[in-house]
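Next up: just one chain, as C-alpha coordinates, the form predicted on its own.
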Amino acid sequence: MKKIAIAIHGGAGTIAPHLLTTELEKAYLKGLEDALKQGYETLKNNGSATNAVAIAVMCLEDNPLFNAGKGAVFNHIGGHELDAAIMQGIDLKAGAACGVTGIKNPVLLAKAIMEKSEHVMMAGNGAFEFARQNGIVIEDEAYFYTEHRYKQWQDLKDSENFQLDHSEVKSEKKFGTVGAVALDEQGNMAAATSTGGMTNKKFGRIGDSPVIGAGTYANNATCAISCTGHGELFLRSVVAYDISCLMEYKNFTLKQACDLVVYDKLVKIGGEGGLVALDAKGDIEMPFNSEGMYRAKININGDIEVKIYK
(Lines give C-alpha, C1' and ligand atoms only; values in the text may rest on other atoms or scores of the structure.)
Protein backbone atom coordinates (compact mmCIF):
# COMPACT_ATOMS: atom_id res chain seq x y z
CA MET A 1 0.00 0.00 0.00
CA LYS A 2 1.29 3.42 -0.96
CA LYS A 3 1.89 5.99 1.78
CA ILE A 4 -0.65 8.74 2.33
CA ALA A 5 -0.70 11.29 5.14
CA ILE A 6 -2.31 14.59 6.05
CA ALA A 7 -2.00 17.22 8.78
CA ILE A 8 -4.04 20.35 9.42
CA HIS A 9 -4.05 23.35 11.76
CA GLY A 10 -6.68 25.85 12.81
CA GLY A 11 -4.56 28.52 14.46
CA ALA A 12 -2.14 28.90 17.37
CA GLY A 13 -1.59 31.18 20.34
CA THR A 14 -2.76 31.52 23.93
CA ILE A 15 -5.15 28.59 23.87
CA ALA A 16 -5.45 27.23 27.40
CA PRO A 17 -8.04 24.79 28.84
CA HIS A 18 -9.57 27.45 31.10
CA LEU A 19 -10.33 29.68 28.11
CA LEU A 20 -12.59 27.16 26.37
CA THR A 21 -15.88 25.78 27.67
CA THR A 22 -16.34 22.02 27.37
CA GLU A 23 -18.84 22.59 24.57
CA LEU A 24 -16.54 24.92 22.65
CA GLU A 25 -13.58 22.57 23.03
CA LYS A 26 -15.68 19.71 21.65
CA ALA A 27 -16.78 21.90 18.74
CA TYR A 28 -13.17 22.80 17.86
CA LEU A 29 -12.07 19.15 18.07
CA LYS A 30 -14.98 18.05 15.88
CA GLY A 31 -14.27 20.81 13.36
CA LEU A 32 -10.66 19.73 13.09
CA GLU A 33 -11.53 16.04 12.82
CA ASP A 34 -14.18 16.64 10.14
CA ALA A 35 -11.77 18.66 7.99
CA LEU A 36 -8.98 16.12 8.51
CA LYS A 37 -11.18 13.18 7.49
CA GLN A 38 -12.50 14.95 4.40
CA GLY A 39 -8.95 15.57 3.22
CA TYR A 40 -7.94 12.01 4.06
CA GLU A 41 -10.89 10.52 2.16
CA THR A 42 -9.65 12.34 -0.94
CA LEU A 43 -6.22 10.73 -0.52
CA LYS A 44 -7.73 7.29 0.12
CA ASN A 45 -9.67 7.54 -3.14
CA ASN A 46 -6.43 8.16 -5.04
CA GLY A 47 -7.00 11.92 -5.06
CA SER A 48 -4.11 14.34 -5.36
CA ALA A 49 -2.42 16.02 -2.41
CA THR A 50 -3.45 19.33 -3.99
CA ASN A 51 -7.14 18.41 -3.91
CA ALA A 52 -6.81 16.96 -0.40
CA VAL A 53 -5.39 20.16 1.12
CA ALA A 54 -7.93 22.29 -0.75
CA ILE A 55 -10.83 20.20 0.56
CA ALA A 56 -9.51 20.18 4.15
CA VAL A 57 -8.99 23.94 4.12
CA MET A 58 -12.42 24.51 2.52
CA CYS A 59 -13.99 22.58 5.38
CA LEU A 60 -12.26 24.87 7.90
CA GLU A 61 -13.20 27.97 5.88
CA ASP A 62 -16.86 26.92 6.10
CA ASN A 63 -16.66 26.53 9.90
CA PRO A 64 -17.35 29.83 11.72
CA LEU A 65 -15.08 28.81 14.64
CA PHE A 66 -11.95 29.39 12.55
CA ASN A 67 -10.57 32.71 11.27
CA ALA A 68 -10.89 31.99 7.54
CA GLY A 69 -13.80 32.15 5.13
CA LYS A 70 -17.08 32.34 7.05
CA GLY A 71 -15.38 32.86 10.42
CA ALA A 72 -13.06 35.63 9.24
CA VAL A 73 -12.44 38.59 11.53
CA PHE A 74 -13.56 42.17 10.78
CA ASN A 75 -11.14 44.78 9.43
CA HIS A 76 -11.11 48.45 10.54
CA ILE A 77 -14.09 49.41 8.36
CA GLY A 78 -16.19 46.43 9.37
CA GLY A 79 -15.50 44.32 6.30
CA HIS A 80 -13.55 41.14 5.64
CA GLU A 81 -10.28 40.87 3.72
CA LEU A 82 -9.30 37.29 3.03
CA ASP A 83 -5.97 35.73 2.06
CA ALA A 84 -5.10 32.21 0.88
CA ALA A 85 -2.41 30.23 -0.91
CA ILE A 86 -1.86 26.75 -2.28
CA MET A 87 1.27 25.07 -3.64
CA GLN A 88 2.07 21.65 -5.07
CA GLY A 89 5.44 20.01 -4.64
CA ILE A 90 5.62 18.08 -7.93
CA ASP A 91 6.24 21.17 -10.09
CA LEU A 92 6.40 24.07 -7.60
CA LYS A 93 3.22 25.55 -9.07
CA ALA A 94 1.44 27.89 -6.69
CA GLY A 95 -1.50 30.25 -6.48
CA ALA A 96 -2.37 32.96 -3.97
CA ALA A 97 -5.05 35.55 -3.37
CA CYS A 98 -4.79 38.42 -0.91
CA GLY A 99 -7.02 41.20 0.34
CA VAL A 100 -10.11 39.77 -1.35
CA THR A 101 -13.69 40.31 -0.24
CA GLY A 102 -16.81 38.24 -0.75
CA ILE A 103 -15.03 35.01 -1.69
CA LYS A 104 -16.70 32.07 0.11
CA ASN A 105 -13.65 29.82 -0.17
CA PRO A 106 -10.44 31.77 -0.79
CA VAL A 107 -8.44 28.53 -1.10
CA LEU A 108 -10.45 27.68 -4.24
CA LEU A 109 -9.59 31.08 -5.69
CA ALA A 110 -5.90 30.44 -4.96
CA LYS A 111 -6.22 27.03 -6.65
CA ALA A 112 -7.88 28.58 -9.70
CA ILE A 113 -5.10 31.17 -9.95
CA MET A 114 -2.56 28.32 -9.89
CA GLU A 115 -4.40 26.20 -12.46
CA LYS A 116 -6.06 28.72 -14.77
CA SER A 117 -3.71 31.70 -14.95
CA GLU A 118 -0.07 32.39 -15.67
CA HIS A 119 0.27 34.25 -12.38
CA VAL A 120 1.01 33.24 -8.80
CA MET A 121 -0.61 36.03 -6.76
CA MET A 122 -3.62 38.24 -7.35
CA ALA A 123 -4.98 40.90 -5.01
CA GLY A 124 -8.10 42.91 -4.23
CA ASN A 125 -10.50 43.88 -6.99
CA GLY A 126 -8.51 42.16 -9.72
CA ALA A 127 -8.56 38.87 -7.84
CA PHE A 128 -12.31 39.30 -7.28
CA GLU A 129 -12.91 39.82 -11.00
CA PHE A 130 -10.83 36.72 -11.80
CA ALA A 131 -12.92 34.78 -9.27
CA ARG A 132 -16.16 35.98 -10.87
CA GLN A 133 -14.99 35.02 -14.36
CA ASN A 134 -13.97 31.55 -13.17
CA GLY A 135 -17.11 30.60 -11.31
CA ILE A 136 -15.74 30.90 -7.78
CA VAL A 137 -18.64 31.19 -5.31
CA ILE A 138 -19.18 34.76 -4.10
CA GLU A 139 -21.20 35.66 -0.99
CA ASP A 140 -22.51 38.99 0.29
CA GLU A 141 -21.18 40.54 3.52
CA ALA A 142 -23.97 39.00 5.61
CA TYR A 143 -22.55 35.51 5.01
CA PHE A 144 -19.33 36.42 6.82
CA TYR A 145 -21.06 37.97 9.84
CA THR A 146 -20.63 36.09 13.12
CA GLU A 147 -21.63 37.60 16.45
CA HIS A 148 -18.40 36.49 18.10
CA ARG A 149 -16.19 38.25 15.51
CA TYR A 150 -18.41 41.34 15.51
CA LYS A 151 -18.01 41.75 19.28
CA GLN A 152 -14.22 41.46 18.93
CA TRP A 153 -14.26 44.27 16.38
CA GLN A 154 -16.56 46.45 18.51
CA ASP A 155 -13.96 46.38 21.29
CA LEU A 156 -11.28 47.72 18.92
CA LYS A 157 -12.91 49.68 16.11
CA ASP A 158 -12.42 53.18 17.54
CA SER A 159 -8.79 52.56 18.46
CA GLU A 160 -5.49 52.23 16.64
CA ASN A 161 -5.12 48.69 18.00
CA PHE A 162 -5.40 45.47 16.07
CA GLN A 163 -5.88 42.01 17.50
CA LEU A 164 -4.43 38.65 16.55
CA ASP A 165 -7.73 36.77 16.66
CA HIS A 166 -9.69 36.24 19.86
CA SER A 167 -8.28 37.41 23.20
CA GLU A 168 -9.79 36.89 26.61
CA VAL A 169 -7.47 39.51 28.10
CA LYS A 170 -4.94 41.85 26.55
CA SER A 171 -1.94 39.55 26.96
CA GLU A 172 -3.58 36.55 25.36
CA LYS A 173 -3.31 35.98 21.63
CA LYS A 174 -4.64 33.62 19.01
CA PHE A 175 -3.18 33.60 15.54
CA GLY A 176 -6.17 32.71 13.41
CA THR A 177 -5.20 30.87 10.29
CA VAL A 178 -6.13 27.48 8.87
CA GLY A 179 -3.97 25.21 6.78
CA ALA A 180 -3.19 21.71 5.56
CA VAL A 181 -0.34 19.62 4.17
CA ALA A 182 -0.72 16.26 2.45
CA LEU A 183 1.17 13.39 0.80
CA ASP A 184 -0.67 11.39 -1.87
CA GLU A 185 -0.27 7.88 -3.33
CA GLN A 186 1.89 9.21 -6.17
CA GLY A 187 4.37 10.58 -3.65
CA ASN A 188 3.42 14.19 -4.32
CA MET A 189 3.03 16.78 -1.57
CA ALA A 190 0.98 19.96 -1.32
CA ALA A 191 0.26 22.74 1.17
CA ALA A 192 -2.57 25.26 1.55
CA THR A 193 -3.26 28.10 3.99
CA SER A 194 -6.17 30.51 4.46
CA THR A 195 -6.87 33.38 6.86
CA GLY A 196 -9.00 36.39 7.69
CA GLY A 197 -5.96 38.15 9.15
CA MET A 198 -6.12 40.48 12.17
CA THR A 199 -9.17 42.07 13.78
CA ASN A 200 -9.30 45.81 12.96
CA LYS A 201 -6.42 45.53 10.46
CA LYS A 202 -5.79 48.60 8.28
CA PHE A 203 -4.05 49.71 5.07
CA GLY A 204 -4.64 46.44 3.23
CA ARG A 205 -2.33 44.58 5.63
CA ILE A 206 -1.20 41.17 4.35
CA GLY A 207 0.44 38.53 6.54
CA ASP A 208 2.46 35.43 5.73
CA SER A 209 -0.40 33.07 4.80
CA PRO A 210 -0.65 33.90 1.06
CA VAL A 211 3.07 34.51 0.59
CA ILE A 212 4.79 31.54 -1.02
CA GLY A 213 7.84 30.60 1.04
CA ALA A 214 6.71 32.47 4.15
CA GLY A 215 3.43 30.89 5.28
CA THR A 216 2.97 28.24 2.60
CA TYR A 217 5.43 26.06 0.69
CA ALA A 218 5.65 22.60 -0.92
CA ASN A 219 8.49 20.83 -2.72
CA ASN A 220 8.59 17.06 -3.38
CA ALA A 221 12.35 17.13 -2.77
CA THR A 222 11.91 18.33 0.80
CA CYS A 223 8.60 19.04 2.53
CA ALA A 224 5.20 20.71 2.61
CA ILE A 225 4.55 23.46 5.19
CA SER A 226 1.56 25.53 6.33
CA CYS A 227 2.15 28.13 9.05
CA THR A 228 0.08 29.95 11.64
CA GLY A 229 1.42 32.73 13.79
CA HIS A 230 2.30 36.42 13.97
CA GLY A 231 2.47 36.99 10.23
CA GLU A 232 4.97 39.84 10.25
CA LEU A 233 7.58 37.71 12.02
CA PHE A 234 6.90 34.69 9.81
CA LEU A 235 7.31 36.92 6.75
CA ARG A 236 10.61 38.29 7.98
CA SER A 237 11.84 34.77 8.73
CA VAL A 238 10.59 33.22 5.45
CA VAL A 239 9.63 30.33 7.70
CA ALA A 240 8.28 27.73 5.28
CA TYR A 241 11.11 28.04 2.76
CA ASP A 242 13.72 28.18 5.52
CA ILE A 243 12.66 24.73 6.69
CA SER A 244 12.85 23.40 3.14
CA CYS A 245 16.31 24.94 2.67
CA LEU A 246 17.65 23.40 5.87
CA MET A 247 16.55 20.01 4.55
CA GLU A 248 17.86 20.57 1.02
CA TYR A 249 21.20 22.23 1.72
CA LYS A 250 22.10 21.02 5.21
CA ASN A 251 20.50 17.56 5.05
CA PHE A 252 18.43 18.27 8.17
CA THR A 253 15.56 15.90 8.94
CA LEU A 254 12.09 17.42 8.92
CA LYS A 255 12.06 17.43 12.72
CA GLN A 256 15.51 19.06 12.98
CA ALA A 257 14.56 21.79 10.52
CA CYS A 258 11.19 22.50 12.14
CA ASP A 259 12.66 22.56 15.64
CA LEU A 260 15.45 24.99 14.70
CA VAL A 261 13.08 27.42 12.99
CA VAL A 262 10.13 27.29 15.42
CA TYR A 263 11.93 26.93 18.76
CA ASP A 264 15.10 28.92 18.05
CA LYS A 265 15.15 31.25 15.05
CA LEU A 266 11.57 32.51 15.45
CA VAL A 267 11.83 32.83 19.23
CA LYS A 268 14.95 35.01 18.90
CA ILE A 269 12.97 37.70 17.04
CA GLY A 270 9.78 37.32 19.09
CA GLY A 271 7.91 35.24 16.54
CA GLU A 272 5.08 33.28 18.10
CA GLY A 273 3.06 30.52 16.45
CA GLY A 274 3.51 27.15 14.81
CA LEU A 275 3.06 25.07 11.68
CA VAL A 276 2.20 21.68 10.24
CA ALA A 277 4.77 19.94 8.07
CA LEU A 278 5.38 16.62 6.34
CA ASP A 279 8.07 15.08 4.18
CA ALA A 280 8.25 12.53 1.36
CA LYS A 281 8.47 9.63 3.84
CA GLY A 282 5.20 10.72 5.39
CA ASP A 283 6.79 11.95 8.61
CA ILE A 284 4.65 14.68 10.20
CA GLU A 285 5.72 17.49 12.52
CA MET A 286 3.38 19.96 14.24
CA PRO A 287 5.64 22.24 16.31
CA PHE A 288 4.48 25.45 18.00
CA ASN A 289 6.09 27.84 20.48
CA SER A 290 2.78 29.29 21.70
CA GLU A 291 0.61 27.90 24.49
CA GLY A 292 -1.55 25.89 22.12
CA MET A 293 -2.33 25.12 18.48
CA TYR A 294 -5.46 23.63 16.97
CA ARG A 295 -4.00 20.69 15.06
CA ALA A 296 -4.74 17.22 13.72
CA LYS A 297 -3.07 14.54 11.64
CA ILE A 298 -3.47 11.10 10.11
CA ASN A 299 -0.10 9.44 9.58
CA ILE A 300 0.96 6.80 7.05
CA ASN A 301 -0.27 4.04 9.39
CA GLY A 302 -3.73 5.58 9.51
CA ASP A 303 -3.37 6.70 13.13
CA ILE A 304 -5.40 9.81 13.91
CA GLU A 305 -4.51 12.55 16.40
CA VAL A 306 -6.52 15.69 17.17
CA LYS A 307 -5.17 18.13 19.76
CA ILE A 308 -5.40 21.70 21.03
CA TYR A 309 -3.07 22.10 24.01
CA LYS A 310 0.58 21.24 24.59
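So that there is no doubt, residue numbering starts at 1 and follows the sequence shown. All figures in this text were calculated on a predicted structure; none of them were measured in a lab.
The same protein also has a form predicted together with a further copy of the same chain, omitted here; what follows describes it.
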a further copy of the same chain contact at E118 in the predicted complex, heavy atom, 4.5 Å: yes
Within a 4.5 Å heavy atom cut-off, is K250 in contact with a further copy of the same chain in the predicted complex? yes
Give a yes/no on whether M198 approaches a further copy of the same chain to within 4.5 Å in the predicted complex, heavy atoms considered. yes
Does a further copy of the same chain get within 4.5 angstroms of any non-hydrogen atom of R205 in the predicted complex? yes
Is it the case that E25, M58 and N188 all touch a further copy of the same chain in the predicted complex, with a non-hydrogen atom of each within 4.5 angstroms? no
Sort through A72, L108, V211, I103 and report the residue having a heavy atom within 4.5 Å of a further copy of the same chain in the predicted complex. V211
Select from the listed residues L82, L183, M87, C223 the one whose heavy atoms reach within 4.5 Å of a further copy of the same chain in the predicted complex. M87
Proximity to a further copy of the same chain in the predicted complex (heavy atom, within 4.5 Å), stretch among 46 to 54, 240 to 248, 271 to 279, 60 to 68: 240 to 248
Since the partner is left out here, which residues of 113 to 134 would have a heavy atom within 4.5 Å of a further copy of the same chain in the predicted complex? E118, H119, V120, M121, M122, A123, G126, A127, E129, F130, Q133
